[in-house]
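What follows is a single chain, given as structure tokens, in the form predicted on its own.
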Amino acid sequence: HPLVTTGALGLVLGHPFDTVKVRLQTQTTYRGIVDCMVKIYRHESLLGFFKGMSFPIASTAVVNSVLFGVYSNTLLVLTATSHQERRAQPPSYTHIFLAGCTGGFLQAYCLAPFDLIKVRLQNQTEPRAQPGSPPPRYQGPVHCAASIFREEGPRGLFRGAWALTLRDTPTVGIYFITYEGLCRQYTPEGQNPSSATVLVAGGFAGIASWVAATPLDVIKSRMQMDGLRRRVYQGMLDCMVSSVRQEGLGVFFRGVTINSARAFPVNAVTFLSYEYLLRWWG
């Protein structure tokens, strides 16, 4: 299944960047991207960059299928035109945005517990277990899920889910609008976009959606880490106010550079496989 394969490949390539992004958003011990990378490598070896990767890889098939499946089917309902007819009768940007928002909303719902576990594991700064050293709090994704369930209850697994939903719902709409807009701009009317156009449009769609998503991505990551030792925030709004008060407005754009760098190649490949899938099925 191309979407699953490219989704998994994109995850492996993008995960080290994601780990650095999560650390920058939730910890104040790093001076910047390079400092964070150097410290992870020095204390945790190369493997430190791949913490928490197994769950996203296990869930990528579900998440990508939900997102693109819901998007395509919502567009079908809204426009009553199949993918093959869509080149001749392009859907309106309003329909594209609504279909993207629907996909983003449902994706966030499926993703919430997986994302929480990924962020908790990525934030473990312990090096590889040495004989005699205390073990890290979470031994792996399953142990992490079980610990959260035991210590924080079933609701604990959905910590940060509201911020995740608010992050993904509009930004996935922006994602698909950017992609479709760029494809239309550089494709002769009635034709399918070339592979080069799909790659560039997909890459820029990834950047546009991540720039829009970063402020809520920071809040989501902080909410997910809240409750690990003691509750710091009363809720999402309190998290926003406290973060700005302590670190200034710049806090909302922590990790935006590395998010954008990761987003281009990962989303370029994702959209290329999506287009091939649609043509293959069509």
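Throughout, we count residues from 1 along the sequence that is shown. Quick caveat, the model's predicted, so the values are computed rather than measured.
Absent from the display: the form predicted together with a small molecule. The rest refers to it.
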field: Three-residue site Leu76, His95 and Thr178 fully in contact with the small molecule in the predicted complex at 4.5 Å by heavy atom
entry: no
task: Please pick, from Ile258, Leu24, Leu272, Val266, the one residue with any non-hydrogen atom lying within 4.5 angstroms of the small molecule in the predicted complex.
output: Val266
- request: Would you check, heavy atoms only and a 4.5 Å threshold, whether Leu116 touches the small molecule in the predicted complex?
  value: no
query: Should Ser209 be counted as a contact of the small molecule in the predicted complex, where contact means heavy atoms within 4.5 Å?
result: yes
task: Flag Asn64 as yes or no: does it have a non-hydrogen atom within 4.5 angstroms of any non-hydrogen atom of the small molecule in the predicted complex?
output: yes
message: Since only the chain is shown here, I'm wondering whether His15 would be in contact with the small molecule in the predicted complex (any heavy atom pair within 4.5 Å).
response: no
task: From the candidate stretches 147-155, 192-200, 169-177, 117-125, select the single one in contact with the small molecule in the predicted complex, where contact means a heavy atom within 4.5 Å.
output: 169-177
